[in-house]
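What follows is a single chain, given as C-alpha cells, in the form predicted alone.
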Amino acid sequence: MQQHPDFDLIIAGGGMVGLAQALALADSPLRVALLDQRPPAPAPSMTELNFDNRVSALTPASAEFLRELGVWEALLELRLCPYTRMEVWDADGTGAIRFDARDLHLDALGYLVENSLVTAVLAEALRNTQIECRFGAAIANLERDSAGWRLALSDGASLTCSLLIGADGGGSRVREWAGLKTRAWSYGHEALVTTVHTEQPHRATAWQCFMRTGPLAFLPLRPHGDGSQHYSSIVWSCEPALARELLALDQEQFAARCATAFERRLGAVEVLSPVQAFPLRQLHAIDYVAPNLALIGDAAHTIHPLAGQGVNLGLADVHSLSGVIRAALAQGRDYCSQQTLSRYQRERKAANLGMMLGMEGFKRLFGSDDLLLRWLRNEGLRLADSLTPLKQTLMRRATGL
C-alpha cells in the first residue's frame, strides 16, 4: 500500500481560478502541483491596442483577494479599467436603473480586465514559489488510489495525490471521472464578443441594454498609459438564429447593427477584432466535494455572463476552499476528508446557486414578450432606481461586499 503520494494536492486546470488556487496555497506546508495541457497565454503587448476579446469584470471583493495574493499591483501596471457607474435599461420600454460607486463610498464598482492579463500575472507570481507547474500533458485517466487519486497523464507519466482540486472548466473531466453529477441546461443563447472603438467616451461606465433577443453590454476598456475612454469590450448574448445572422456580416455591417441595437448611446462603433461566438449554458454540480476531491470555478458552476459574475464566483470559491484547508492544517484535522471539504461546499453552494437562479430569472424576465411582464419589469426598474436603500443593497451584492 502506497503511503507517500507524489503530492499532497494537485490542481487540475491552469486558468484564472486554478492559478489563483495554487497561489493561495503557495506558502502552506503542502506539496502542491498544478497541471494543464496548455501554458497560460502570454500577456498582450501593452504598446499595441490588441485587447483580448475575453474580459472579466472583477468586483472590489475579487480585487481585494488578488491584492492579498500579491498580484493586484502587477495588474495595475498593465492595463485595467475601473468603472464607477453602471447603466441598465430595457430596450422595449422606458425602465432604467443607474448605479454609482459614490453611493457606497467606493472608488469603483468593479474593474474590467482581460483574462489573459490575469492569468499572466498569476503565472508569473507562481514562478517565485515552490508550486510545481506542469504544462503540456493532459490528464488521460483518473482513478482512486490508496493515497487518494492516481492520475495518468497523456505523456505517459503517472502522479498520485492526497487531494485533487478540479479547476478544469465547465466541461470538467475531473468531475466526470469522479462521478459527480450535475444539473445543466442550455440558455439557448450564444455570446458574441469583440473589442470596439466608440465615437463617444464610455465615461468609465458599464452599459447594458436588455432586448427580447438577449442583453448587449458595452464594458469599458482603457489602453495602457492612456486616458482614452473610447474602447470597450462588447458581449452580445443572443438567440442562435440572430447569432448566425450577425456572424455572417462583415465588420462594418456588424458595427452598424451593434450601434443601432445599443441605441447609439456611444455614437458610431468601429469593430477592432474578429467577432467570436461562445454557446451559453448553465451548469451546477449537485455536490462540489467527495473524499479527497473538490471542484472550484466553472467545474462546479457556470453562469450566464449578463452580470459578469463568473470569475468572481470562482475566486470566492478559491478564497473559501483555501481557508478551509488552512484551518484543517492548523487544527491537525484531515484536510482531505469529505467532512472537512463539506465546509467549503456549505459556504459556497448556497451563494453560487442563489446568484445562478437570480441570473436565470433576469434572463427569463427580459426575454419575455408578455405585455404584463414587460410592464412589470419597466415599473420595477423605475421603482428600484428611485429607492436608494434598495439600490445600495443591489450594489453591495454585485460588488461582493
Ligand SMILES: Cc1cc2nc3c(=O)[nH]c(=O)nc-3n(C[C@H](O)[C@H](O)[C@H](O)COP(=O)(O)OP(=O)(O)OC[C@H]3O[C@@H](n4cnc5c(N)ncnc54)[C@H](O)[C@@H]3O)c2cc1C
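Keep in mind the model is a prediction, meaning the values are calculated, not measured. Between two forms, the rigid core is defined as the largest C-alpha subset superposing within 1.5 Å. The first residue of the sequence shown is number 1, and the count goes up from there.
Another form, the form predicted in complex with this ligand, is not on view; read the next lines as being about it.
Asker: Heavy atoms within 4.5 Å of this ligand in the predicted bound form: which stretch among 330 to 338, 51 to 59, 345 to 353, 24 to 32?
Answerer: This holds for exactly one stretch, 51 to 59.
Asker: With the partner left out of view, is Trp185 within 4.5 angstroms of this ligand in the predicted bound form by any non-hydrogen atom?
Answerer: Taking the distances in the predicted bound form, the answer for Trp185 is no, it never comes within 4.5 Å of this ligand.
Asker: Give a yes or no for Asn312: in the predicted bound form, does one of its heavy atoms lie within 4.5 Å of a heavy atom belonging to this ligand?
Answerer: Output for Asn312 is yes: heavy atoms within 4.5 Å of this ligand.
Asker: In the predicted bound form, is there a heavy atom of this ligand that lies within 4.5 Å of any heavy atom of Gly297, even though the partner is absent here?
Answerer: Result yes; Gly297 sits at the interface with this ligand in the predicted bound form.
Asker: Is it the case that Leu280, even though its partner is missing from this view, gets within 4.5 Å of this ligand in the predicted bound form, heavy atoms only?
Answerer: Flag for Leu280 set to yes.
Asker: Scan Ala191, Leu109, Ala285, Val71 and let me know which has any heavy atom within 4.5 Å of this ligand in the predicted bound form.
Answerer: For this set of options, the contacting one is Ala191.
Asker: Name the single residue among Ile325, Ile139, Leu80, Val196 that comes within 4.5 Å of this ligand in the predicted bound form, judging by heavy atoms.
Answerer: Spelling it out, the residue with a heavy atom inside the cut-off is Ile139.
Asker: With this ligand taken in the predicted bound form, which residues across 10 to 39 come within 4.5 angstroms through any non-hydrogen atom?
Answerer: Gly13, Gly14, Gly15, Met16, Val17, Gly18, Leu35, Asp36, Gln37, Arg38, in sequence order.
Asker: On a core-based superposition, does Pro39 travel 2 Å or more at its Cα between the shown form and the other one?
Answerer: Moves: yes, 2 Å or greater.
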